[in-house]
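Two forms, one protein chain; structure tokens for each follow separately as structure 1 and structure 2.
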Structure 1
Amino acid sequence: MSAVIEIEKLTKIYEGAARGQDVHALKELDLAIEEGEILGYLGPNGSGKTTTIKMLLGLIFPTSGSIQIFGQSDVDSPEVKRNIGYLPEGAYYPDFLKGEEVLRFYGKLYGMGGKQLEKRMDEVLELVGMTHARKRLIRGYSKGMRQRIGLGQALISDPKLMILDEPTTGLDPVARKEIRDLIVEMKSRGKTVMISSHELLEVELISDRVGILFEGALQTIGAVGDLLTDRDLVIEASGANDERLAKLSEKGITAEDRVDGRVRLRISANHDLYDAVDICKANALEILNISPRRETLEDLFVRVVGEAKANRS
């Protein structure tokens, strides 16, 4: 596979009003996004995600470093622009327009028209599941329907690269799954997808790789399966009370959840399992089950950002 996006030593400094107030939004970022993959681009607020996206779209310019998209360094070229579909966070569409009118407007921005545009609109509306609501006003759309039309406008030019900023934030579970399925469908059609999101479970479910930024620097990047590990163990037991759990806590065994006398205990992977079982038995707990606790993307995110903060200070 070839890289659709190649970023080398990308730096962006926003000048402050006074000396010493400059903001280093990105610090020598190196990043490559391969053709046909879904990349989750993650980080706390202010980490540099939006700055990266704006530079990929040609809305702002780097202080130093380089960007290549489809092998071209001129990200403002019409050829590059035609092959990028962008869904901004909290996208707004005039509520007096119909769904199909939104797509027609964006299609014309790409230089499309006539039968070509009408055919493409039909295809996109079918793809995003909005054919039934194409003639309804945007003001009558649910948030999930607005996101579907947003994906539709991003797809109207049949781009090779999709950049999606918070595509599922604020949606109910059904709508999130529907949008998630649409993103996976885009990948199956050969599109490369870059997702910036705080919905870490959604990103974990569909991403091939994830990268985590903190204060403008990429802290880690890799395949989801490689980054997530079985870090802890969970012991389910019965017979718990406050006194017994307090004694377990002194030994480094933490109660995660408790309902009446039944408890879920968490121990770190470097804690000897046999010792933990003996401690539980010594405190009159009956072991019901022992299982590994797989790290989630949220766990990884908190760990990586926490380590970055500690190293900074």
Structure 2
Amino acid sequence: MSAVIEIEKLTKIYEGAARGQDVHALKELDLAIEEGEILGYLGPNGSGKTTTIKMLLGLIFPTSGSIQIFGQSDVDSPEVKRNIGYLPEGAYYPDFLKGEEVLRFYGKLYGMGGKQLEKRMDEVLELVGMTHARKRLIRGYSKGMRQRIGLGQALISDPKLMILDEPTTGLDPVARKEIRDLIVEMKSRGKTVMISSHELLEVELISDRVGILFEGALQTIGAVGDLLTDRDLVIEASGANDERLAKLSEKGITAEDRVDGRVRLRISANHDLYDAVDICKANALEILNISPRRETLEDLFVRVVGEAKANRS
């Protein structure tokens, strides 16, 4: 495998109006994206994802550091540009246009035209499942349909690399799934995909690797399964009251959530499960369900950032 994107010590400082107001949006980022992989580029709002992407596209300039795309350091070269499909965050298309007109417009920006462009539009509309609505105005599209046209726009030049900034944000669950399926389809067609999101759940299923950005620094990167530690368990039980929960708490079992008598108990990894079950029984709780506790992006951040801070001192 070879790297499609290679970023070294990439730094971006947005200069503020006055001293002390500068924003250090990205701090010496090192990141490589391999050919054919889907990389989930994760981080909470304001962590620097869009800033990174805009520098990859040559839309803003780095304060320092270097970027290579397809082995070239000139990200503005037509050769590089032609091979990148970009879906901006919150992409907006004029709503008086028809879906197919958006694709034609972008195709022309890429220097395409004539029969070649019309043929490619047919292919792309089919791929993103919008053939049936191609002659309808964007105005009448759902958010999911708009986003599919957005993906079509990013695909029009048949690029090798797709950079998608928050492609599923703001969509309903069905539309999210459709967009995710399309991204997987692109990978199967040999494309390299970088997809940013502020939600782990959105990208973990489809990403080969995820990188986690926090305050402009990459905290960790790797396969999802290697990053998430699902060691804790949750016991759901009924029959809880204050007195019983106080007894459980003495034994190191705490309630995460409670609605009347129903509780979710967090069993930490170093607590023996059988022992925890016995404690529940001894306190007249009826166990309804035991499941692994899925680590969320927030949990992962807290852990990863906590570890980073601990290692610093």
Ligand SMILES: Nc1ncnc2c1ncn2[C@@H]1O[C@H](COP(=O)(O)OP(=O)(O)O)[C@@H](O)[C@H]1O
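For clarity, a rigid core is taken as the largest C-alpha set superposing within 1.5 Å between two forms. Along the sequence of structure 1, residues get numbers from 1 upward. Model, not experiment: these values are computed from the prediction.
Next on the checklist: Of the two forms I pasted, which one is the form predicted on its own: 1 or 2?
Outcome noted: The chain shown first - structure 1 - is the form that fits the description.
Item to check | Rigid core fit then D30 CA moved by 2 Å or more between structures 1 and 2 | outcome: It does not, since the D30 C-alpha is displaced less than 2 Å between structures 1 and 2 after the core fit.
Next on the checklist: At a 2 Å cut-off on C-alpha positions, does K54 qualify as shifted between structures 1 and 2 after fitting the rigid core?
Outcome noted: It does not reach a 2 Å shift.
Checklist entry - Is A276 one of the residues whose C-alpha moves 2 Å or more between structures 1 and 2 after the core fit? => result A276 C-alpha, core-superposed: shift of 2 Å or more.
Next on the checklist: If the core is used for the superposition, what shift in Å does the C-alpha of V263 show between structures 1 and 2?
Outcome noted: For V263, the C-alpha ends up 4.7 Å from its position in the other form.
Next on the checklist: If the core is used for the superposition, what shift in Å does the C-alpha of R19 show between structures 1 and 2?
Outcome noted: For R19, the C-alpha ends up 2.4 Å from its position in the other form.
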